[in-house]
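To begin, one chain is listed below as structure tokens, in the form predicted alone.
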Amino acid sequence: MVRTTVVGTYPRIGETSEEQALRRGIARLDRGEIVEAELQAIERDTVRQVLREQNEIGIDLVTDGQISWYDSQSHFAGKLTSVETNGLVRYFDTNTYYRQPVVHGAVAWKAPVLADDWKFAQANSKVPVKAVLTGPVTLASLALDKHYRSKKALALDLATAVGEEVGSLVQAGASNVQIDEPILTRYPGDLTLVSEALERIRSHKARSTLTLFTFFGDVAAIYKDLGDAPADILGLDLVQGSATWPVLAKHGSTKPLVLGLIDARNTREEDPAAIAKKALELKGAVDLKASYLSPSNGLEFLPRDRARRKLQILRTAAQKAGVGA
């Protein structure tokens, strides 16, 4: 059977009273009724819920939903030397925003950011938990650089910091690490820089599996070269990035893939049989048994009940694909 995974984020808030706990906690913190440690306890309860949902549906490789992240940029970058966070900026073409990292000096890693959260998540999951980090080139592209005045120089120092963070995750026990570089769907010419940055990160991964994921668009123009990037698995958004499909179908892949065939930004339900058929079109061109089916990107853009439904569809599609494998 083709395996299943998720990309990273998951809806923090749902429809039931239990699923509203985090919203209530944030409001209480804003009113000064609780302290930060109490909100963190509520966040961890939400992480348990998210992991339980993924485990019960049968997802093979899960994440903690990035529940404690305010956004994809500031959560890690804001904890590096010489970086502070500023006002809100729109995140790609989504209706979400990120606190923009502002770089005032040489960037450096100070201490583990994600390791404790990963260990908590793994202790509460029946299957492996994937650690997810925003890639250094995307971080550099979306930051306000007041020091380097060079995207490459900033990206490579960020790569060194991300590599240190990956090392701390591997030391904590993480066997799967994903690096997100959605910037490649906007600036495919950054592939050379992404590959150079990944070389710095790869030196810290030891025996863990390193995935490079791109989303919010296609990578058709660079697909053949993307396979040479220093990662063990490549993740592709094949919904917004549907233009990648003809190139993928023609050339296949020598590496396992994460096939993002479930639309993570639309509540419309897919036909699991159609998704399975699509995946099986790659039989012989891609090692499907070593690959995964997944949503096209993080599920945070959907209501909680719709996100669950998308994962159920994903699991059913994978089972149907397995029958035909």
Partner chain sequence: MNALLTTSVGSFPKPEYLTRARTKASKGELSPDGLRTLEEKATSEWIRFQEEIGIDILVDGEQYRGDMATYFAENIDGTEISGLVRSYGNRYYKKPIIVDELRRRGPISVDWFTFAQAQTKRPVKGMITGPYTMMDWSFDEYYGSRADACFAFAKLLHDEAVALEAAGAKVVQVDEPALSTRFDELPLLVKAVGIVTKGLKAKTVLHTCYGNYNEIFDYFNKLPVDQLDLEMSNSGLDLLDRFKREPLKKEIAFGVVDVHSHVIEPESLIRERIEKALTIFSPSKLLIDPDCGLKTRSVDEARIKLRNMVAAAHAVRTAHGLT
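Residue numbers count along the first chain shown, from 1. The structure displayed is predicted, hence computed values, not measured ones.
Not on display, but discussed next: the form predicted in complex with the partner chain.
**Q** Just checking whether R265 would be counted as a contact of the partner chain in the predicted bound form - the rule being heavy atoms within 4.5 angstroms.
**A** R265: yes, in contact with the partner chain in the predicted bound form.
**Q** Is there any non-hydrogen atom of E53 lying within 4.5 Å of the partner chain in the predicted bound form?
**A** Taking the distances in the predicted bound form, the answer for E53 is no, it never comes within 4.5 Å of the partner chain.
**Q** Does at least one non-hydrogen atom of E18 fall within 4.5 angstroms of the partner chain in the predicted bound form?
**A** Because no heavy atom of E18 falls inside 4.5 Å of the partner chain in the predicted bound form, the answer is no.
**Q** Could you tell me if T96 has a non-hydrogen atom within 4.5 Å of the partner chain in the predicted bound form?
**A** T96: contacts the partner chain in the predicted bound form.
**Q** Can we say M1, Y223 and S242 each have a non-hydrogen atom within 4.5 Å of the partner chain in the predicted bound form?
**A** Not a single listed residue reaches the partner chain in the predicted bound form, so no.
**Q** Go through 279-287, 55-63, 254-262, 24-32 and give me the stretch that gets within 4.5 Å of the partner chain in the predicted bound form, heavy atoms only.
**A** The contacting stretch here is 24-32.
**Q** Could you check which residue among K110, R207, R90, R149 gets a heavy atom within 4.5 Å of the partner chain in the predicted bound form?
**A** Only one listed residue qualifies here, and that residue is R90.
**Q** Hey, which residues along 60-74 are within 4.5 angstroms of the partner chain in the predicted bound form, non-hydrogen atoms only?
**A** W69, Y70, in sequence order.
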